[in-house]
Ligand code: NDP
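Only one chain is shown below, in structure tokens, and it's the form predicted on its own.
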């Protein structure tokens, strides 16, 4: 059984291959070609989460096991850690254990790039990023592959982190409101549990990729921001895990895979929000891509 650690994943995985792989996975998910329940989450301690995300997709089955320990930040450790186990569908044989931390980071950004490519205006030039962590960096890298942004704006709660991000990503630090006003595409990738983005700041035609705030009681967007067209990765997951959707009592227009697959039209309206929760099929498809790059053939 192959074991691929984070450094090996980093050598093998590229957004140029990952973005189309995520598009295929989303289309297959919404077309019913994936077996996948909503993730199971338990709390091993009062301040931590352990999630199990299984799926069957094509010639592989498997699961991502992910831990979220916010207090790890004080210890200099990652707050999110994960492993993906891959099995061969035809025999049930385990074929790989793949580190899932970088995969989670990159596949999440790649899915937002897929959403941006189909939902954002073709002439989108201004990107606003609320958040300064690894997901913020990955999103700028991935979204630059589908749109040519002339202006990248950033907001975060920690000034030192904002300055570092701005220098690394050639972005302009601003207040959250100033960053969002006039932006064509907005990305929210924070650890916030209460809204950090107001609908009144958004310009007609803006796409919001809402990525943080997983959980029925957590949200990054206020109710006004959720009154436009809402697209999700999974209806079932959104109705259980998305405080952005549930607390605003928002109406879901479509799954992203339905739009990509031609099952539903691209939504119109003043604002479009893509609420990304993350799917096991995305992890399996990415781990399969890494496996193929490592061994030179399909499972």
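Just so it is clear, the model here is predicted, and its values are computed rather than measured. Positions refer to the first chain, counted from 1.
Below, we turn to the form predicted in complex with this ligand, even though it does not appear here.
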This ligand: the contacting residue among 205, 133, 94, 182 in the predicted complex [heavy atom, 4.5 Å]: 133
Interface residue in the predicted complex among 197, 113, 213, 129, criterion: non-hydrogen atom within 4.5 angstroms of this ligand: 213
Partner proximity in the predicted complex: residue 80 to this ligand, non-hydrogen atom cutoff 4.5 Å: yes
This ligand contact in the predicted complex: residue 286, any heavy atom under 4.5 Å: no
Touches this ligand in the predicted complex: residue 125 (any heavy atom, 4.5 Å): no
Touches this ligand in the predicted complex: residue 192 (any heavy atom, 4.5 Å): yes
Region of this chain that lies against this ligand in the predicted complex, out of 83-91, 197-205, 102-110, 172-180 [heavy atom, 4.5 Å]: 102-110
Candidate spot 155, 158 and 276, all three touching this ligand in the predicted complex (heavy atom, 4.5 Å): yes
Partner contacts in the predicted complex for 285-299 (non-hydrogen atom within 4.5 angstroms of this ligand): none
